[in-house]
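Below you'll find only one chain, the form predicted on its own, shown as structure tokens.
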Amino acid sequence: MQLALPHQQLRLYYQAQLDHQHHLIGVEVLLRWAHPQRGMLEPHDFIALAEESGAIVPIGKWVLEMACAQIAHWSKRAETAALQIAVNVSLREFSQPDFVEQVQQTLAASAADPARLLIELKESLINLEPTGAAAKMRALKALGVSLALDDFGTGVSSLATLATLPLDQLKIDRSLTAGLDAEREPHNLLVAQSIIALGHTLGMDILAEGVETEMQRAFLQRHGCLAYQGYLMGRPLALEAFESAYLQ
């Protein structure tokens, strides 16, 4: 794991985010590890190890640098200038004392528009230290960066705390989306509806992850969720393949 970054084994894949009119509105960058023995590994195969070893900090810095460089590159093309790039940030990265300064320096070095960068934070991170997290989030917002709460609906967030956070987007977790077309899981329907209503009440955008069927997408649209990510919209792709699929 410690050798993955210096040996240039890490790759970024891009997954499309579409609105209800099938327009491309953003992408999420997803990490892959081209392991010399095990082949291409997805995050669930190695992120926990990266967290435990501390390798996630330099890896996260590299991902942020690559994402900001891509924002700057796409800003030169009319069809991609308005796209947001979403970057996942782990608890260990976010907890670094100089994390906000790193983001600021990376934006400045790449000349990327801060409004095109969306930082995704886990619900568990907010629950761990809500006061400190809120202060750091406000500092990021002051840079012009957008913020999303990822995997929402899997934890137990205080609604009072959630209302005070400077969030731009709630992402409905894929585990909830998966049950939207299954009558045997009616609680998923109620939770999804509640998240959508909550987000609208708090003035946030709502995006559903893991959308794989038209039935799921239609349910979400009927209830006011107008942005989607998942295999129905497209699988994560390497940059060249992504641009060929979506930007031609």
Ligand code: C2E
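Heads up: residue numbers just count along the shown sequence, starting at 1. Keep in mind that what you see is a predicted model, and the values were worked out from it rather than measured.
Just so you know, the form predicted together with the named molecule exists too; it's not on screen, but the next bit is about it.
- Picking from 217-225, 66-74, 39-47, 190-198 the stretch near the named molecule in the predicted bound form, with a 4.5 Å limit on heavy atoms, gives 39-47.
- Although the partner is absent from this view, H35 stays clear of the named molecule in the predicted bound form, with no non-hydrogen atom inside 4.5 angstroms.
- Although the partner is absent here, S90 is a contact residue: one of its heavy atoms lies within 4.5 angstroms of the named molecule in the predicted bound form.
- The named molecule in the predicted bound form comes within 4.5 Å of a heavy atom belonging to L31.
- In the predicted bound form, the named molecule lies farther than 4.5 Å from every heavy atom of V27.
- If you take 207-222 and check each residue for a heavy atom within 4.5 Å of the named molecule in the predicted bound form, you get E209, G210, V211, E212, in sequence order.
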